[in-house]
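The chain below stands alone and is given in structure tokens; this is the form predicted on its own.
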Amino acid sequence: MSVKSALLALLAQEPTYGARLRAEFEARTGGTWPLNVGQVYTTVARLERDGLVKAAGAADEEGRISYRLTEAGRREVAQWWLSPVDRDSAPRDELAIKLALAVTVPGVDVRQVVQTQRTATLRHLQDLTRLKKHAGDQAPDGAGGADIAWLLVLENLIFSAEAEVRWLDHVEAMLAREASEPRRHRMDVPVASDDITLGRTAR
């Protein structure tokens, strides 16, 4: 997630100060990705250094300084809206790393790891589904942009949880096939990179 781009997008609406930027960000994303004030001010300082924002005036009576976009900042935001999210450098997924290691470390009950995670993910999915239903029941007709924004975030989390459950089912099926196949001696056998799947070499 690009905190930098998100803060620039908020500042494109109106000048504001760090604590309010944090509050606006969390309100529009349903608090899914909480920010601390220090992170916000550090990011704003970098944006000012890079010429993307500047102080909108003197500090107010509480010592808060509001910032506004420069022309370079407005160009940056416009470019961000029109650019696809970069998937070339995928974020590290702890679950994928855990399972990739589990199938290669002796003594680990991989099926138990999978089943434990599936139970937790299904529970999380149920919580998200209830939250979505509650949000739908509470939302007035003609809900505003903030309500739609939260619904988008919530449904993204639901789809991700559903995909994780499907992937865990796939992993368990792979493990079952692995257990049913006779072991073969694999030393000194070259393996093409596209034949390696989840720590398991091609037979």
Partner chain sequence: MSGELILRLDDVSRVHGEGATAVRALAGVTMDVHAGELVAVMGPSGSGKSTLLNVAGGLDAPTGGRVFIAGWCIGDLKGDALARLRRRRVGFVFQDLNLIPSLTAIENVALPLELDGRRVREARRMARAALQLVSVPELADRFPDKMSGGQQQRVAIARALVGDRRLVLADEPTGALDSHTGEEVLRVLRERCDAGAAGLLVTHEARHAAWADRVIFLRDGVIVDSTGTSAVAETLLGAAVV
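Source: prediction; values computed, not measured. Positions refer to the first chain, counted from 1. Each form is matched to the other, and the largest set of C-alpha atoms that superpose within 1.5 Å is called the rigid core.
Keep in mind the form predicted together with its partner chain is missing from the figure; the text below concerns it.
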Please determine, with the chain shown alone, which of 26 to 34, 160 to 168, 49 to 57, 66 to 74 has non-hydrogen atoms within 4.5 Å of its partner chain in the predicted complex. 160 to 168
Can you work out whether Val103 and its partner chain are in contact in the predicted complex, taking contact to mean some heavy atom pair no more than 4.5 Å apart? no
Decide whether Gln112 counts as a contact residue for its partner chain in the predicted complex under a heavy atom distance cut-off of 4.5 Å. yes
Can Gln79 be called a contact residue for its partner chain in the predicted complex at 4.5 Å between heavy atoms? no
Any of the heavy atoms of Ser83 lying within 4.5 Å of its partner chain in the predicted complex? no
Residues within stretch 119 to 135 having a non-hydrogen atom within 4.5 Å of its partner chain in the predicted complex: Thr119, Leu122, Arg123, Leu125, Gln126, Thr129, Arg130, Lys132, Lys133
After superposing the rigid core, is the C-alpha displacement of Asp127 2 Å or more between the shown form and the other one? no
Superpose the two forms on their rigid core, then report whether the C-alpha of Gln79 is displaced by 2 angstroms or more between the shown form and the other one. no
